[in-house]
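Shown here is one chain on its own, the form predicted alone, set out as structure tokens.
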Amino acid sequence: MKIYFAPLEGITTHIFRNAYDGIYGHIDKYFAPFISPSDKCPMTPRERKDLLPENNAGIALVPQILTCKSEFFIDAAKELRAMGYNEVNLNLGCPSGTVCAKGKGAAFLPETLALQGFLDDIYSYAATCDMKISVKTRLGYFNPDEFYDLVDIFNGFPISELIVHPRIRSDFYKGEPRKEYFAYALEHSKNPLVYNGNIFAAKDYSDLNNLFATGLDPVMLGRGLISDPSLADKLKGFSVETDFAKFRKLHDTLYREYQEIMSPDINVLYKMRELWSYWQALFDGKERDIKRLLKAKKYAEYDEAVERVWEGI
């Protein structure tokens, strides 16, 4: 099976991707956190650095573009093409309030006429340079039934892969994905499909795989793969349980890498806190120590708390 690593803003940067790929691997595609081109520039220096091929050596990386203006998308795609990328991803799923207020991400979905014109433009461009464009979408903005019209629209374009997160914008990441709409996509979509949403354990995948007659392959994992970095190993049959030796190596590698590029202590610790907000679920009985490390303001405090977390693991 193929597993794709979903983009998580501020987390799955090239530092995380390199650390994860070197320690775990078994990811068929990594999707970079979105770039948001403007009339001033197709990408910021920070975004460019994250996508530089030399910072992603040996990684199958797909840049993601967030915009509702086709000219901005094309400008960014041209820059990415010049960097050596032959596939990009369109973000039609981000539910963030600041993103949606600008008509981008999931907020673009109900604007069906504008969306169709946008897709006409970007796929016309893609045909001139043999670039693949995949799409990551939600079911809709206001109502999941918007998805029926969206599938018809998407069927009119050569989408390399249609990645479906079966929720609407107001769901954010809460509740159960609306699986019946993914079943509809399996029956009616002319484009290759990728499922994304709420796979946190091997059982989640097997239950979904049994639910859909055609099975699920590829799948995109995001929060589940951050929460348990061994999840891809489990799904591909390389392990049954979480490998805490690899987990510790990932933690230590990220902690060291962040210290090399960031200061003072608290900025690095903010990054680690964000990761621990996902990781803590795997450490039953360590709640008090995790609470300490989440409150740490200096490396010494954090280091002491981390060692207590790992005791007996």
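We number the residues from 1 along the sequence you see. Not measured: the values here are computed from a predicted model.
Not on display, but discussed next: the form predicted together with a small molecule.
J.: Is it the case that Leu139, Phe154 and Ser189 all touch the small molecule in the predicted bound form, with a non-hydrogen atom of each within 4.5 angstroms?
T.: Result no, not one residue of the spot touches the small molecule.
J.: With the small molecule left out here, work out from 221-229, 238-246, 126-134, 204-212 which stretch has heavy atoms within 4.5 Å of it in the predicted bound form.
T.: Going by heavy atoms within 4.5 Å, the stretch is 221-229.
J.: Would you mind picking the one in Tyr258, Phe34, Trp276, Tyr30 that has a heavy atom within 4.5 Å of the small molecule in the predicted bound form?
T.: When the small molecule is considered in the predicted bound form, the option within 4.5 Å is Phe34.
J.: Mark Gly105 yes when one of its heavy atoms lies within 4.5 Å of a heavy atom of the small molecule in the predicted bound form, and no otherwise.
T.: Although the small molecule is absent here, Gly105 would stay clear of it in the predicted bound form, with no heavy atoms inside 4.5 Å.
J.: Could you tell me if Met1 has a non-hydrogen atom within 4.5 Å of the small molecule in the predicted bound form?
T.: Contact check for Met1: no, nothing within 4.5 Å of the small molecule in the predicted bound form.
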